[in-house]
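In structure tokens, one chain follows: the form predicted alone.
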């Protein structure tokens, strides 16, 4: 009992310290086995399953991947995504356009269904050696992060395409999974009508590499600052510094937790330029954010 009280006071102290310092802590106190994960079709809840429930739905496997966040091989216990989606959504998920993964830290990844049909994805729920389900994320200044309840990983050991994408489309702390269409979920992220081809490409890259953390007009991830409303980031950061911020955040701000655009990504400089072109175009298309359901 005394040990329980001691741990409780320790968690309270750490949480208080984090609030005072402005540092985001990994989730300290939820019981993973009893944590309800929402499976939604648009805004309608289809199922809520705990990790214990998932074990009865599909068979877990041990999967070795190249862990992009740590730059080394890692083995996870995981559930095959397609098999789990078949169990929870039936074949309806195959007709969806996008699948949105919402994390407890505000991260919000939107991934096309076509990627799940082209590559093998898994929901990791534990390390294979049963060590604490955490990770030292070297892409975010060696921040130690909680991975549960679910961590979306890809069988990337034999896929150059997946390795080149870096850590994009690998959300951890996943608490909600939603079938949707991009235009329905994020109507205010699209560039202005008649936008140039450069801006359109920049929009696609922003979707892939930036919107899981950042919002435009109140839509996107809630882990990092809004970039467009009421003042666009291009209105207060010079282009040369914005380029450095995207490619190497630590060159602008010491100990930044923002990961730079991965070195492995082909045409990285061109992609950065096109993302900035998209941000400039959106600075003329500001829309007042509406309440967004982050569940």
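This one's a predicted model, so the numbers in the text were calculated from it and none came from an experiment. Positions refer to the first chain, counted from 1.
The same protein has a further form, the form predicted in complex with heme C, not shown here; the description that follows concerns it.
Candidate spot 121, 146 and 149, all three touching heme C in the predicted complex (heavy atom, 4.5 Å): Not one of the three qualifies.
The unique member of 126, 213, 135, 100 whose heavy atoms fall within 4.5 Å of heme C in the predicted complex: Only one listed residue qualifies here, and that residue is 213.
Listed residue that, although heme C is not shown, lies within 4.5 Å of it in the predicted complex (heavy atoms), from 140, 188, 74, 104: Selected residue: 140.
Close approach of residue 85 to heme C in the predicted complex, 4.5 Å, heavy atom: Although heme C is absent here, residue 85 would stay clear of it in the predicted complex, with no heavy atoms inside 4.5 Å.
In the predicted complex, residue 223 touching heme C (heavy atom, 4.5 Å): Yes, residue 223 sits close enough to heme C in the predicted complex that at least one of its heavy atoms falls within 4.5 Å.
In the predicted complex, residue 227 touching heme C (heavy atom, 4.5 Å): Residue 227: contacts heme C in the predicted complex.
4.5 Å heavy atom contact, residue 79 to heme C in the predicted complex: No, residue 79 sits far enough from heme C in the predicted complex that none of its heavy atoms falls within 4.5 Å.
In the predicted complex: members of 244 to 268 within 4.5 Å of heme C, any heavy atom: Stretch hits, in order: 245, 246, 253, 256, 257, 258, 259, 261.
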